[in-house]
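What follows is a single chain, given as structure tokens, in the form predicted on its own.
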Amino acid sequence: MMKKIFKFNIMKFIIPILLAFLVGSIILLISNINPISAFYNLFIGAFGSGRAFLSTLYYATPLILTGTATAIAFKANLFYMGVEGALYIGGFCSSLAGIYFHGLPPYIHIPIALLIGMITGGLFAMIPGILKGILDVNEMVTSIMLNYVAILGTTYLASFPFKAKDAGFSATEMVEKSAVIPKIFDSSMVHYGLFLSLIFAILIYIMFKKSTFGYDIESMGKNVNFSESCGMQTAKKTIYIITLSGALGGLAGAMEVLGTYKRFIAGFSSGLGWDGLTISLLSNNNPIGVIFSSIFFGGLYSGGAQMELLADVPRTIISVIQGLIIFFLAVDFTVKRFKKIKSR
């Protein structure tokens, strides 16, 4: 049975990717580009050397957190889409902690700044959580709308009240050196936040499998009405789940600010929260699967640069492949829903 489940999950991971690359190959052929050369360079750029793999891990670091954050909500059948907004709020608030807290050693300053990013990301997510849990307001709509508030709000703050005097763009001052997450290797951008991402993904996996809260999340995901009729306080759980999801999103933003940019920059995210959605779907909302899916997506970003440089293929083809993966995952999801409805 376990072998069958394992095989099913692997196929669920591989089939959408293969189909996406197949359609991507057709698009490249129509454009008179050799797909074998393009994807070979993509693979070499992502995994062809130690340096390439470190670059892949660098891109995967925030994705592990945003993917895990989305998986928590999706596991409970809650369509919370606010990870991107939580990432901005957490990133901005942790940057302030990095700028204005002085005289702290790194082993205190870094955890405090990260914790502030987590807390503010969680508080931000609590708003749609409360609206969903108490008033049954659609969490997808409220969280998407709040994303705009977070992105535009932090852009304003980084452009005017907190704008660095010497910056020619919308950004805060640089954080103190004591708040910077150090690199693992000087030759690579990957920093120690990678280990933190892995730890949180594993902890959430253990929570799903071993804790009462994890059981409640799975139970709500299967049938929220049944869970409520069994005495579960689903409203309260909904608030907790969405808040936890936002907290991980806030932590992802804090790590990007403290580990990569060393300051908050308006629009710094290239859609990390939205990528987390695809990664979560691709991994069937399994945090361990999220790690591998994130490395795959990190490879797409890392290898995309080499593909563009050596095979003269626009990096936008990576966005096309990501979109196709979402499309084929959505097809699989729709077919399952149709079968479920038909069996009733």
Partner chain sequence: MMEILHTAIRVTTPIALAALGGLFTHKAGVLNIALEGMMLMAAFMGVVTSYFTGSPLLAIMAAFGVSLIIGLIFSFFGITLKGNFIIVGLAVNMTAYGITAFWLQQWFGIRGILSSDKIIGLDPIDVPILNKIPIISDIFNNHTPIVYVSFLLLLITYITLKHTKIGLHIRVVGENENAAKAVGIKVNKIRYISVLLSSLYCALAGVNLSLESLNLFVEKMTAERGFIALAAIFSGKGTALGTYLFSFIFGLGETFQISLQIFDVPGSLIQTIPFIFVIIILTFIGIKNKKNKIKRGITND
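Just so it is clear, the model here is predicted, and its values are computed rather than measured. Positions refer to the first chain, counted from 1. By rigid core we mean the largest C-alpha set that fits within 1.5 Å across both forms.
A second form of this protein, the form predicted together with the partner chain, is not displayed here; the remarks below concern that form.
- When you look in the predicted bound form, the only residue of Ile44, Ile288, Leu310, Ile27 with a non-hydrogen atom within 4.5 Å of the partner chain is Ile27.
- Exactly one listed residue, out of Glu173, Glu176, Glu139, Asp216, brings a non-hydrogen atom to within 4.5 Å of the partner chain in the predicted bound form: Glu139.
- Mapping the unseen interface onto this chain, Gly259 falls outside it, with no heavy atom inside 4.5 Å of the partner chain in the predicted bound form.
- Residue contact with the partner chain in the predicted bound form: Phe160 places a heavy atom within 4.5 Å of it.
- Taking non-hydrogen atoms only, Tyr240 never approaches the partner chain to within 4.5 angstroms in the predicted bound form.
- Proximity of Trp274 to the partner chain in the predicted bound form: non-hydrogen atoms within 4.5 Å are present.
- Note that among 114-122, 187-195, 93-101, 73-81, the stretch whose heavy atoms approach the partner chain to within 4.5 Å in the predicted bound form is 73-81.
- For the three marked residues, Ala20, Leu203 and Ala305, no heavy atom of any sits within 4.5 Å of the partner chain in the predicted bound form.
- Taking the partner chain as it sits in the predicted bound form, the stretch 119-136 comes within 4.5 angstroms of it through a non-hydrogen atom at Leu131, Lys132, Gly133, Ile134, Leu135, Asp136.
- Annotation for Ile33: C-alpha shift of 2 angstroms or more between this form and the one not shown, rigid core superposed.
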